[in-house]
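Quick setup: one chain, the form predicted on its own, written in structure tokens, and binding and motion questions come after.
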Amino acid sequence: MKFFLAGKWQDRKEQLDVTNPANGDVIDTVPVASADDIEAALHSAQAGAKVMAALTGYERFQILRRAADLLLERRDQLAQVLSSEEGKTITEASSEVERSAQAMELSGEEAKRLGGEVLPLDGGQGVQNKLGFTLRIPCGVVAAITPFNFPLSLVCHKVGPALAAGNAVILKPASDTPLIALHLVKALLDAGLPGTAISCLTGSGRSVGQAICSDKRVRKISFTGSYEVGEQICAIAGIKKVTMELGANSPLIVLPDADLDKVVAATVFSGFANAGQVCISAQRLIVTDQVHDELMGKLIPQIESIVSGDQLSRETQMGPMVRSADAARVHDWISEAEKQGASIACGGQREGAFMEPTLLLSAGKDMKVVKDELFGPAVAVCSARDADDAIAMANDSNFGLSAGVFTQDVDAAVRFAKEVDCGNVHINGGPLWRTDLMPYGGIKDSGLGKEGPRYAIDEMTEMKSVVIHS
């Protein structure tokens, strides 16, 4: 498949294979962008930013609305592409296409109501006969750098708001999953997006991403990925706006009065969706001693019943991880935890890119499976004496993206909402839950800024103050 650069679909001699992680088969190839391609993309984006800024909010809405409709019309084809290159089940892929269309639709709606506010200038001492208001103007050129795990949804959460705000976009999708992003670009162009408004460059993140992020012509960077790469981007970005959606090791806390059936359902969904390759997966299950044994008796059979296999089969509930090397890493971490005193209640085996859904008991705070981001299909169970101990354990992390707590006690729920150090806290729900219009982002090492179309647009515009003197 060709990439899209400076208003044209283009090919290059150097190619990158895109493979199905389940069997290693090559699905397609994409070009590897060069330094000249990056320069062409930056030059084109500068021109495209002027074109986008000149469109009315309603015109931008119309483009994004049509693009959302096209995603839904092409859902089956897009789900097949997404599932094949990423490894998530075809059911999950179909849901992601639908969610992606919603993100584009929401972005388009926000384009129609992008505005400022009247400033109460006469509240200042000695100020008379002045009228003040603010305008929100596009940043100009936005760099969108996206990960493999939600290769359409997370692209839409960056590209949609950027275009709605009147910016041009340079998109760098993950090397493992570039095809679905290119299909999105095609949908946008078919919807009437000016060709210079977007370029999608494929190739190495180390070369392409760094070159884009360090260039002064880029005025805003939106990145989703690991803390380590996010830190590198911030170091080279210079004076520009950044949104960083980084890692996590999300806790799911279970208090003595929790509805255990709901806990089981939330753990299975939050821990093993997309083979655990979600930044807000439930990685740490913090269970108070009073309900530990009863919960494990309910939870273990449900995890054991998860059907793994070919992600393109409708019967499959969990597919492979995106790379065999990632499955090997998860297996190594589980084996290390077992040597350090944890026990494997179920799962624990690996074959190629397939890692069994795994539950680890008696996990300690110094184990990698607890303190670092696992990003795989395993949940580590930690025992807590009481609510105070559970809060302390939840906060004993460099990350702070999402957390869930199960309790019927309103006072305890409010306390957790206030005291757990996360950007998103769910009461009687797992940490994986997200809807596309909500503000979404972390604290501590989990990142900077917020996503969700309305909030992302704030991050992708500049505020200008205007004062009329009379």
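The first residue of the sequence shown is number 1, and the count goes up from there. Model, not experiment: these values are computed from the prediction.
As for the form predicted in complex with a small molecule, it is not shown, yet the points below apply to it.
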Here the chain appears without its partner; judged in the predicted bound form, the stretch of 295 to 303, 373 to 381, 313 to 321, 98 to 106 with heavy atoms within 4.5 Å of the small molecule is 373 to 381
Looking at 339, 385, 365, 206, which is the one with a non-hydrogen atom within 4.5 Å of the small molecule in the predicted bound form?
206
Considering non-hydrogen atoms and a 4.5 Å limit, which listed residue (45, 52, 401, 33) is close to the small molecule in the predicted bound form?
401
Mind checking whether each of 155, 163 and 194 has a heavy atom within 4.5 Å of the small molecule in the predicted bound form?
no
If we define contact as a non-hydrogen atom of the residue within 4.5 angstroms of the partner, is residue 148 a contact of the small molecule in the predicted bound form?
yes
For residue 81, is any heavy atom within 4.5 Å of the small molecule in the predicted bound form, or not?
no
Within a 4.5 Å heavy atom cut-off, is residue 348 in contact with the small molecule in the predicted bound form?
no
How about residue 210 - does it come within 4.5 Å of the small molecule in the predicted bound form, if we only consider non-hydrogen atoms?
yes
